[in-house]
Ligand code: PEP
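Coming up is one lone chain in structure tokens, specifically the form predicted on its own.
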């Protein structure tokens, strides 16, 4: 039953009501709402509600009609927000959990954790104990797997969740994990539910293979009656007569359950479908249906996975799914739960000095904390020594002179297009070659000096593209603030910091805020979340093979000019086509000193069956000038 307390009830009166209920054999939960405070009393005792109504401080007593009392929406009108570490699940949030079906090794879980964290997952999943249909299938690494999972969670600042299959393992697992997971086969393992509930820890409760919604909620009631109120329900497909998919995903359960319970509900499209290509569309269907999140399986080599490889997404598929979820979230009135991007400690360190410059230095354009520097950290390592340069030309000069071994330069942005200056510099700097590629999602933040509030801001500094890409945010939240173009996003943070501006903000990436000791007032304020920049790694030819040898070369960039006659360009492109080279990019550029004459820039996939060097003579025969700018491994 629900005991609604009077406005202004005293602590003494409330304690007396609780004491009376407990003496009569009830479990009592206090729920503080926006307008009223209620006590939920559940138990097997039968009493006359009037004996409670007469107590001082009681406004009324309402019986709960549902067999699940604590989980019922009758008991608590407002949505429960479940906290798993720093992550919140429920309400207007969409939380994404991702990772491999099973933890196979320390190296495997560390690799995948890094990839899903960077793509936007906020909780790391991975099985250490695997209940399998066949006794001969991989059963998991046990406690050793938990240690690997914990290490990965700590390394990438993610709470972890994994399945518990035996009551005897509960206390041991509680030392490693942040959230228990109850699998479909154990949904009605009541002794397991009791033991897990006693811990008071968050629990992800999957729907049973053939469970009704009421049976599912009754399983949640076991957990809550045993001691935890942090329960997340998970729809993972039910068993039906249909054999086209592994299970039948019951999307209609999402809105039904949300009317019946205050607990958040998410979906598991991986186990529901069992088919990789169906995971992304069904994820979006779950979000559209009102789910508070999803839990999906991701593996970098699913064909070698020890468990459920066919339903595991490749990392690049998961990254695209995250972008689609971000685009869909506003449509359903929600926001994707995010955790701060991991900023390498080296971002805070000083730049390379004259004494340390040389073979171990990577140059970039911009101030410390720029997106280009973050691209370096992702491409090389967190401890990489860097050389900030004022202009793109300075980066090329540093590499050509040997003051830097490599340079990282942006060549294309999904919103702003090609950075033509760098294509032109590549064309004229004959000693420089492209040896690698990197991609980085550009996340803009509103950055201020500590203590500055939104209402204090009268000016906003950033690169013109930064201002343009955050136009909707600025128009809505800072319509009267002056938008002041600056030469560099990170440089704008440096400017407001060095001048101690308390009425201004900058738009830049989070590394800039960390490096200059500023605060992020608002995260991810860009209008379009699908904002990526592609970078080239450049070097002198003698340093190229060291970088290229790290992975398989599959892309080439080249530049050429053609005779002034009909079909000249087509003839060159036809050569590429006949050799199975799939062209990915084509740009025309004016030739310096030759008005109205143009050279062409081409990026093409390399065909394993043909050596590019064998093709060069044919290309040169059909062009006025031809040069390979570099060969490298395309980023994903």
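All of these numbers come straight from a predicted model, not from anything done at the bench. Residue numbers count along the first chain shown, from 1.
In what follows, reference is made to the form predicted together with ligand PEP, a form of this protein that is not presented.
Chemist: State yes or no: in the predicted complex, is some non-hydrogen atom of residue 101 no more than 4.5 angstroms from a non-hydrogen atom of ligand PEP?
Modeler: Close contact exists here: in the predicted complex, residue 101 approaches ligand PEP to within 4.5 Å, heavy atoms only.
Chemist: Wondering, does residue 184 line up within 4.5 Å of ligand PEP in the predicted complex on heavy atoms?
Modeler: Residue 184: contacts ligand PEP in the predicted complex.
Chemist: Spell out, yes or no, whether the shortest heavy atom distance between residue 297 and ligand PEP in the predicted complex is within 4.5 Å.
Modeler: Answer yes; at least one heavy atom of residue 297 falls within 4.5 Å of ligand PEP in the predicted complex.
Chemist: Is residue 385 a contact residue for ligand PEP in the predicted complex, using a 4.5 Å heavy atom cut-off?
Modeler: Residue 385 lies outside the contact set for ligand PEP.
Chemist: Which is the contacting stretch out of 285-293, 414-422, 137-145, 123-131, given heavy atoms within 4.5 Å of ligand PEP in the predicted complex?
Modeler: Only one stretch qualifies here: 123-131.
Chemist: Within 4.5 Å of ligand PEP in the predicted complex: all of 29, 73 and 229, by heavy atom?
Modeler: No: none of 29, 73 and 229 comes within 4.5 Å of ligand PEP in the predicted complex.
Chemist: So which of 368, 444, 463, 271 gets a non-hydrogen atom within 4.5 Å of ligand PEP in the predicted complex?
Modeler: Flagged contact: 271.
Chemist: Could you check which residue among 488, 526, 163, 195 gets a heavy atom within 4.5 Å of ligand PEP in the predicted complex?
Modeler: Of 488, 526, 163, 195, the residue with a heavy atom within 4.5 Å of ligand PEP in the predicted complex is 163.
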